[in-house]
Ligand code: KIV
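Only one chain is included here, represented as structure tokens and corresponding to the form predicted on its own.
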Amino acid sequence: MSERKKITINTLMEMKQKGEKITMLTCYDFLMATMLDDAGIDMVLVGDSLANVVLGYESTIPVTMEEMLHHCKAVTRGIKNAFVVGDMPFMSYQASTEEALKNAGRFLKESNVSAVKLEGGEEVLETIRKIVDAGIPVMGHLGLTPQSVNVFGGYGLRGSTKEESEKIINDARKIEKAGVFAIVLEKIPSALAKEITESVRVPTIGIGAGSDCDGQVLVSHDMLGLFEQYKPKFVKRYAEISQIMKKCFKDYIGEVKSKEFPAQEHSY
């Protein structure tokens, strides 16, 4: 069996050209990072979904640069081959291109990720150009952009009207021209995602955007059944790990209370 090679931007471009689907999952800690890498995942996103599934915030907005960097460092320590992307949190790139460049640089210098991701279209073109020109790969994110939830008024489907779908298509072309190496398409109609995927040269990674994107991404805690607070329609649960964990915790509590644990074989 040949040794697995490190995934690079060139690898991802080749996969799109060959029609080979790209796999991506979120990750926030060292242990899961090693598991994902061993399983053969292509890309790992240290997402700002960290805010919800690990830190307990109601939205992604409160998560800070320091919190993101802390978890990025843990993830990259566990990755050998996957391509790791750090999610730039709310207000780490919106205030100015200079601040955005500084913060993007921190992701690479301090946490050893391979790229950063930021949300938005036309409004962040200059920011994307500035970061890319500095030698930092940027992944784009269109459709439902959770950091703008207060503008959208919720987490509903994006691109359902002609005007909105045309804007998303145009934004995809613009951010590609600005230099992104890939684009996340979140919660948009499948037909729209297909049109965008066919009209840009860079890979598209879908989440709630149908099967025609070049790859797929999910929040690991969602697909494992670890996060129970809500279940989006686009999530497939591959397990119900939270139920297994709760049973283990209850069994432990019961055995300690009943003095069944520790038994002789667990003692010195």
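Heads up: residue numbers just count along the shown sequence, starting at 1. The structure displayed is predicted, hence computed values, not measured ones.
The same protein has a further form, the form predicted in complex with the ligand, not shown here; the description that follows concerns it.
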Within 4.5 Å of the ligand in the predicted bound form, heavy atoms considered, which of 72, 184, 82, 104?
184
How about residue 219: is it within 4.5 Å of the ligand in the predicted bound form, going by heavy atoms?
yes
According to a 4.5 angstroms non-hydrogen atom cut-off, is residue 158 in contact with the ligand in the predicted bound form?
no
Evaluate residue 33 for contact with the ligand in the predicted bound form, applying a 4.5 angstroms cut-off between non-hydrogen atoms, and reply yes or no.
no
Looking in the predicted bound form, any heavy atom of residue 47 within 4.5 Å of the ligand?
yes
Counting only non-hydrogen atoms, the one stretch of 211 to 219, 196 to 204, 36 to 44, 238 to 246 within 4.5 angstroms of the ligand in the predicted bound form is 211 to 219
Give, in sequence order, every residue of 233 to 250 that has a heavy atom within 4.5 Å of the ligand in the predicted bound form, or say none if there are no such residues.
none
